[in-house]
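Presented as structure tokens, the chain that follows is alone, the form predicted alone.
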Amino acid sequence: MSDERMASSSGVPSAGAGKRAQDYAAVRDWPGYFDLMLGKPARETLVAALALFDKVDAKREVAAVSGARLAVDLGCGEGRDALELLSRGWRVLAIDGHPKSFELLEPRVGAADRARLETQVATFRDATWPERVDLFNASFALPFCERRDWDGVWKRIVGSIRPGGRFCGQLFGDRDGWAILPDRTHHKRQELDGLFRGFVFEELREEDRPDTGLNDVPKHWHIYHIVARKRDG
């Protein structure tokens, strides 16, 4: 099957044809995607994870600990999640494969927060981060990790999250319209239990619905929205 026919059958428009987020992401037009997302609020899974950290702090009567915490924001895009983390006092390592990400992010970081932000331009395979992190955030990023790199990247992610730390973000399911594309990684529901062995799901919401892009190009969404805490010990 040619690339053109594969794109058509999977609901992927030709480059430049769409103006919605899914249309830019389908063809990996990340500058176009970033421009469209600029100014959007933080993703719901990140906000939920941060609320859970705050709840634990309140129960333990711990104050001002977030400044000592480290979050990795993998595939940070234009920076909507990184900015939220910085506003709450977290240290942030923001990673993206496209340099435009940081051209959009860095000018919006306040002077008081700059010392707590580190950036890195790197692919999933080549990205590096500390051995112990409190929060690993990957909002709509990991499905674009190629299958050949997935196992190594995921192993490093899981290994770096400290006990009591969290993962938040999205994975795509096997019924998603992009699942036939060779440069994506999708998962069946039963695979998640293996991927998150040693974690407790605090949120696992499955979205499985049809949608229609511009120019009547069909797209089926199958997404897992995840917040998971790594068990202690």
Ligand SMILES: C[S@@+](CC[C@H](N)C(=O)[O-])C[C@H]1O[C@@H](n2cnc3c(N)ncnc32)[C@H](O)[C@@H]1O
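All values derive from a computational prediction rather than experimental measurement. Note that residue numbering begins at 1 and tracks the sequence as displayed.
What follows is about the form predicted in complex with the ligand, which we do not show.
Participant: Since the chain is shown here on its own, which stretch among 106-114, 158-166, 72-80, 86-94 would lie within 4.5 Å of the ligand in the model of the complex, judged by heavy atoms?
Facilitator: Of the options, only 72-80 has residues within 4.5 Å of the partner.
Participant: Applying a 4.5 Å heavy atom distance criterion, does F124 contact the ligand in the model of the complex?
Facilitator: Answer yes; at least one heavy atom of F124 falls within 4.5 Å of the ligand in the model of the complex.
Participant: Indicate whether W30 is a 4.5 Å heavy atom neighbour of the ligand in the model of the complex.
Facilitator: Although the ligand is absent here, W30 would touch it in the model of the complex, with heavy atoms inside 4.5 Å.
Participant: Does any heavy atom of F34 come within 4.5 Å of a heavy atom of the ligand in the model of the complex?
Facilitator: Contact check for F34: yes, within 4.5 Å of the ligand in the model of the complex.
Participant: Is W150 close to the ligand in the model of the complex, meaning a heavy atom pair under 4.5 Å apart or at it?
Facilitator: No, W150 stays farther than 4.5 Å from the ligand in the model of the complex.
Participant: Within 125-163, which residues come within 4.5 Å of the ligand in the model of the complex, counting heavy atoms only?
Facilitator: Stretch hits, in order: S139, F140, A141, F144.
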